[in-house]
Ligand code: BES
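Presented as structure tokens, the chain that follows is alone, the form predicted alone.
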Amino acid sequence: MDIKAIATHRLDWTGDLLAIGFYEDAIELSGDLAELNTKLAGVIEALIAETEFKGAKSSSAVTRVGVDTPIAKIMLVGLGKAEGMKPDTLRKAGATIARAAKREKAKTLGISLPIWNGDSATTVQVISEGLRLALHQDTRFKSEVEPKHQLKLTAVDLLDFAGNDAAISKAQAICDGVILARELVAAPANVVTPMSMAATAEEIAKDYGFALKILEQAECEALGMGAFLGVAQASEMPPKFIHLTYTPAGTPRRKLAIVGKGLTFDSGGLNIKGAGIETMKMDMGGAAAMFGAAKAIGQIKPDVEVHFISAVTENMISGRAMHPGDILTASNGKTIEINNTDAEGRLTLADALVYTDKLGLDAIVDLATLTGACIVALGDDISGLWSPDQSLADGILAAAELAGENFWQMPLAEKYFDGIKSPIADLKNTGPRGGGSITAALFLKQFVKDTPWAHLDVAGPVWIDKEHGVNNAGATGHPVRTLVNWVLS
């Protein structure tokens, strides 16, 4: 599918399907729209009347114009209230249009949507993202693709947007990253393993010129990574500690790190999971988004140095498994009493954060499918954000707003730290039932000493069970767009 930003006006465009955006309760056919309606023999006016189209957000209506006409079909797309329009409004409009174009079997598509906030580049970028992400299909594990799922759309014209080719390229890079994250999360644990994650890192390094360091088990032992290795010790697969580094051509404007939780399968360990264990292939959603961001950054090439770090392993059950009651020692010397082997992600992140904190960076963001408690607090569509540094938190929230990905800043209530104090070690790896996502964040905070740090719990939004927004059902690629926006900010 070739997306182009062109100077052609909607009055002059010809093709299979023309999509036009309307604000809610502002359905007026005046000016060039009235002229287009006349040119199309009143089809637009008739479609508005017949469908009682009001322009509500994400609403749409499609009809055929005629046979052998310059435009075969017309589509009306609702944008909601004009004063409430955000970049994500246009991203979702692009997704709505893309799905309609596929359903209508259009080969050529013209899109006429308003400019957001006078910013044509951002407008073109988000529409392009919506188009590409809505049409992404993961058919890797199908023996054949059904004809109904085969896309006929080959050309998309963004009308009256000439001169924004760079925005389309940027959208392509971001979508490549989102799709990589989706496909990593969606793949089963017999496909995505610690070894395959290391291979993914090697591929990114080769394709985009990143530096790559992969620490094997012996090297992790030498660094004292007892928390990470305690989780890894039950698996037949060797752990891999991955450190990818993007370095810009000139002097970097700042130096950042993204640390992703990389549990390729989480059985729960000896505290074995029950119903829903089959979904635990997605417990590397943080590392998947980290890799997705790396792929996008490698193409965009900003003037920012970025480190992508993940301690990758499985959490399995064997005669070597860590026991409830064991005490592990992390690489900063802190001792951890294991009172639940299913609270393993924070153990792998602990050693990853200690390692990253020593790199002398300007900021660290870690992200993880860390707690069910975050889903209880915020539901499936909102990720939690914790940080002792408000400037860093504000930057991430601004990046998420532009990305159309939902985050809510949660409290780092120090009083709750009492819940993870151990009588025989420095810490326990879980606290009381109440405030479980907060005590998890407080646990991680103990492993960052010198660097501004934020923690993102993305347990809910990395997967959805039905179509929602720009994402298809399944793995979403959340929050790749937020991470890229944060790096570029």
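This structure is a prediction, so every number in the text was calculated from the model and none was measured. From 1 onward, residues are counted along the sequence shown.
Although it is not shown, the form predicted in complex with the named molecule is what the next lines describe.
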### Summary
Among 353-361, 234-242, 176-184, 261-269, the stretch whose residues bring a heavy atom within 4.5 Å of the named molecule in the predicted complex is 261-269
### Query
Though only this chain appears here, would Lys273 touch the named molecule in the predicted complex if you measure heavy atom gaps against 4.5 Å?
yes
### Query
Can Thr247 be called a contact residue for the named molecule in the predicted complex at 4.5 Å between heavy atoms?
no
### Interface membership of Leu370, the named molecule in the predicted complex, 4.5 Å heavy atom rule
yes
### Task
Consider Met282 of the chain shown here, and say whether it contacts the named molecule in the predicted complex, taking contact as heavy atoms within 4.5 Å.
yes
### Message
Would all three of Asp342, Thr430 and Ala459 be in contact with the named molecule in the predicted complex, where contact means some heavy atom lies within 4.5 Å?
### Response
yes
### Task
Work out which of Val191, Ile375, Ala162, Leu397 lies within 4.5 Å of the named molecule in the predicted complex, going by heavy atoms.
Ile375
